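First, one chain by itself: the form predicted alone, in structure tokens.
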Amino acid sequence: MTSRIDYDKKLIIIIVILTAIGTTIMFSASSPFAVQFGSNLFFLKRHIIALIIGMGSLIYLSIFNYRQFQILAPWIIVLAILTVLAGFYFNSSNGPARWLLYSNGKKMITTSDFMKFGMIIFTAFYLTKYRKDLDDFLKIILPYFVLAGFTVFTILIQPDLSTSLAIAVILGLMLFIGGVKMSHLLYAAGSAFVLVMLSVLRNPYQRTRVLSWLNPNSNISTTNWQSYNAKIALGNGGIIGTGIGDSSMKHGYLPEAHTDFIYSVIGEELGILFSMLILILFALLFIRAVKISQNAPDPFGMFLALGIGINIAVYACINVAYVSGLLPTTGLPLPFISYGGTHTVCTLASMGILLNISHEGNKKLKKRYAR
């Protein structure tokens, strides 16, 4: 455990603002759908439970020495793989095997979130351990690609194409920044492209999403329903929005208004100016993560902080892009804002790790200046 905590005030302010905005917007966006479950507070209550668990994780991990993750990294990735595989074992239906618990039609604990953060930690560990030998493709890079490919493949066959692609992008950026040769990364990218094409051809709904994106003005009443209405919602908001709680599109026109398409509700109720503020906050968080990585006391902390920052940035960019029609529709949540218990807990837990790295980096700087 660390001794006294010098909190990273800038990072905490960003986390608090995003969490407060997210809770408010999630409640507004979920209210019409929540009424079907007996109360417009249905999703808010569950979100608050996730926030409590997530904040508890954040506080604990902000004082837990992050270097322990470097020691535990191989075991963490084994546990993450077993968690994902358990999702297949406990899924008794023919539907997606994306959750760990299945009870009376309810699906709880998204397994891909554990895999994602497990691989971020393991990649930071791997880059640290072999940073002087990253040119050796056969002995160092290929074994990592085999492991990473397997972990991404387990998510792909759930099936969850969007999350598997997001994880691949996050790991690819970490490897690139870590110094892995571009030629080696292109080998992995080529293999990933083949897997993506096979997945799209194998799963009709994925193929439909891609074709609908390429033809945005077709099938508006069916496959392009969400995407079309999301753009209408963004347009309805104008500069300052219709007012909090006054979205018209969340009333049946956006089936995933409180999860995948919550950014369109932000645009409609709060306008383009507030929507841009959300993006600025994500940019500030990423910049803060980069600065924390620069001041990290060791390579593992540097790579881990970068991985956490890249994860938030990639998810935010992809979510906003598909809501705006720039990418095919996916199911990736908007960090801090979209409803989703596992994602909320994991996001806040990762912020705790980032705070811990920042604290350790500040301690090292103080010792250096004290000499």
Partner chain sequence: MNSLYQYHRTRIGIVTITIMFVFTVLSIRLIYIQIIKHDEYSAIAKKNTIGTRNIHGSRGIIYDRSGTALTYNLKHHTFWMNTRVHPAIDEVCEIFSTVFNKPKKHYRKLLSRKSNYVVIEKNVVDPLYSELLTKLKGKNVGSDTVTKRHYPFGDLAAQVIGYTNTESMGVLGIERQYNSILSGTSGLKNFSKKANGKLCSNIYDDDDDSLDNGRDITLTIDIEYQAILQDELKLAIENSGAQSANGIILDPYTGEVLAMATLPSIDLNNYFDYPIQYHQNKVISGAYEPGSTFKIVGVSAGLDENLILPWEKFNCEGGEYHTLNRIFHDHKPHDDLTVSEILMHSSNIGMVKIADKIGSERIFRYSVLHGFGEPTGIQLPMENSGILRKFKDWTRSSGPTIAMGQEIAATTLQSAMSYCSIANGGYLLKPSIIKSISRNSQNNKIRVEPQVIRSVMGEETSKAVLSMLCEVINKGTADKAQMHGFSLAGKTSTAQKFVDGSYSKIAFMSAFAGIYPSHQPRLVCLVVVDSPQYGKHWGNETAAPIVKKVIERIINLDSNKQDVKMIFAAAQSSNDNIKHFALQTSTVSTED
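This structure is a prediction, so every number in the text was calculated from the model and none was measured. Residue numbers count along the first chain shown, from 1.
Quick note: we don't show the form predicted together with its partner chain, though the next part is all about it.
Partner proximity in the predicted complex: Leu165 to its partner chain, non-hydrogen atom cutoff 4.5 Å:
No, Leu165 is distant from the partner.
Although the partner isn't part of this model, could you tell me whether Arg131 comes within 4.5 Å of its partner chain in the predicted complex, counting any heavy atom of the residue?
Yes.
Test of understanding: in the predicted complex, would Ala124 fall inside 4.5 Å of its partner chain by heavy atoms?
It does not: once its partner chain is placed as it appears in the predicted complex, Ala124 has no heavy atom within 4.5 Å of it.
Determine whether any heavy atom of Gly87 comes within 4.5 Å of a heavy atom of its partner chain in the predicted complex, and answer yes or no.
Taking the distances in the predicted complex, the answer for Gly87 is no, it never comes within 4.5 Å of its partner chain.
Only one of 75-83, 192-200, 245-253, 151-159 has heavy atoms within 4.5 Å of its partner chain in the predicted complex; I'd like to know which.
Result of the contact check: 245-253.
Interface residue in the predicted complex among Leu138, Ile71, Val146, Met182, criterion: non-hydrogen atom within 4.5 angstroms of its partner chain:
For this set of options, the contacting one is Met182.
Using a 4.5 Å cut-off on heavy atoms, what residues in 319-347 are near its partner chain in the predicted complex?
Those in contact are Val320, Ala321, Ser324, Gly325, Leu326.
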